[in-house]
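Shown here is one chain on its own, the form predicted on its own, set out as structure tokens.
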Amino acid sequence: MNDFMYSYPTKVYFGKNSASNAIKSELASAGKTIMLAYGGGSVKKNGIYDEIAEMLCKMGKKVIDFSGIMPNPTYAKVQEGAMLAKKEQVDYILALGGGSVIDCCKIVAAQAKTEQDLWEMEFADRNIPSNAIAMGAIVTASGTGAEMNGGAVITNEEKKTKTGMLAFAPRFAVLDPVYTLSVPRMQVISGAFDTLSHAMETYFGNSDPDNVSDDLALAVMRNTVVNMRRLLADINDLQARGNLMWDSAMAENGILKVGRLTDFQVHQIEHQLGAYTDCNHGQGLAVIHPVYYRHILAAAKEKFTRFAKEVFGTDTAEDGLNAFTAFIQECGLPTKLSELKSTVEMTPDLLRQVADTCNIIQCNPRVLSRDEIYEILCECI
């Protein structure tokens, strides 16, 4: 194990009707003005918005709407939210949605507390924010684990870059599986695959043998696969949805990463693909993962063998990779870039641009060249 410091700043309220307890406990002493942030309006159609807004109004809070946060939230949307928060003198932000809404709100919360441009601060000056509006997350679409950390994935359309930014973790998170019931089937499965990807990308990084974090990552992977299969049989299985919500949180609250290095190369490739297209994140990961793993299999044979045995019950590294690929097909997830629902055509020229601008991970089993990233993307077509 490498040296580490671990902190767990987010208080979790898990289970049915947990939002009521969370809001009463966490916002009683907060200021009056609450920004309620959400995406395209599904939370208004399914009644969750009205439920939360009513709770806030009964506590005497003033609700400020910040709506229209898109999948792959843009830096322009962040600036819009920060301007609104400043104008209305927002005391607390409630992110009502999935990873995109939560990520956007993290950066809004920090940008609203400084006159500096956060993108320049983080990527030019190499500084991170020191202050932010307090925020909480009420998860309505599970998978990213965004509610459990201070990182945020933001797309800067002007710079053609989709990448991670740093701010502050939500002070509390509500994980009520009932709130996910109206999410479309494929979005549920795609989100769960993102959880699986997070655990895999953590596990396949460099670590010493018998690292306890590896054991935990394998357990999260195995449980995610089991509960994804339960949802394939019954998409309304609340126990499975609850298990997957906690798998998602476990995969990204930092506990799997302590004392070891990680390999998030597939995420880096998919993020940059998302900077040039509007493909779904989880589905893009499902396409890229098997191809990437075939490229690095020989460099991490022992880890792939253990993954095969403990997650898919097969004997060899190759059989495990085949079982993983078959599982993606079993879930009905795309296996080719051409199957992704994107309005942008995945041409070789576009994939070349993605490869040439993608962040290259230095701590994975084998460092890739840009030509090999391009080769991987072309094999995904």
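Each residue number is its position in the shown sequence, starting from 1. None of the values given here were measured: they were computed from a predicted structure.
Another form, the form predicted together with 5,6-dihydroxy-NADP (NZQ), is not on view; read the next lines as being about it.
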Problem - Contact test in the model of the complex: T144 vs 5,6-dihydroxy-NADP (NZQ), heavy atoms, 4.5 Å - result: yes
Problem - Interface membership of K77, 5,6-dihydroxy-NADP (NZQ) in the model of the complex, 4.5 Å heavy atom rule - result: no
Practice task
Give a yes/no on whether P209 approaches 5,6-dihydroxy-NADP (NZQ) to within 4.5 Å in the model of the complex, heavy atoms considered.
Solution key: no
Practice task
Verify the contact flag for N72: yes if a non-hydrogen atom of it lies within 4.5 Å of a non-hydrogen atom of 5,6-dihydroxy-NADP (NZQ) in the model of the complex, no if not.
Solution key: yes
Fill in the blank from the handout: Note: 5,6-dihydroxy-NADP (NZQ) not shown here; in the model of the complex, the stretch from 186-194, 220-228, 124-132, 85-93 having heavy atoms within 4.5 Å of it is 186-194
Exercise for the section: Would you mind picking the one in N46, Q353, N322, T33 that has a heavy atom within 4.5 Å of 5,6-dihydroxy-NADP (NZQ) in the model of the complex? Expected result: N46
Problem - Partner-contacting position among G332, P348, G41, G313 - heavy atom within 4.5 Å of 5,6-dihydroxy-NADP (NZQ) in the model of the complex - result: G41
Practice task
Enumerate the residues of 283-304 that have a non-hydrogen atom within 4.5 Å of 5,6-dihydroxy-NADP (NZQ) in the model of the complex, in sequence order, or give none.
Solution key: none
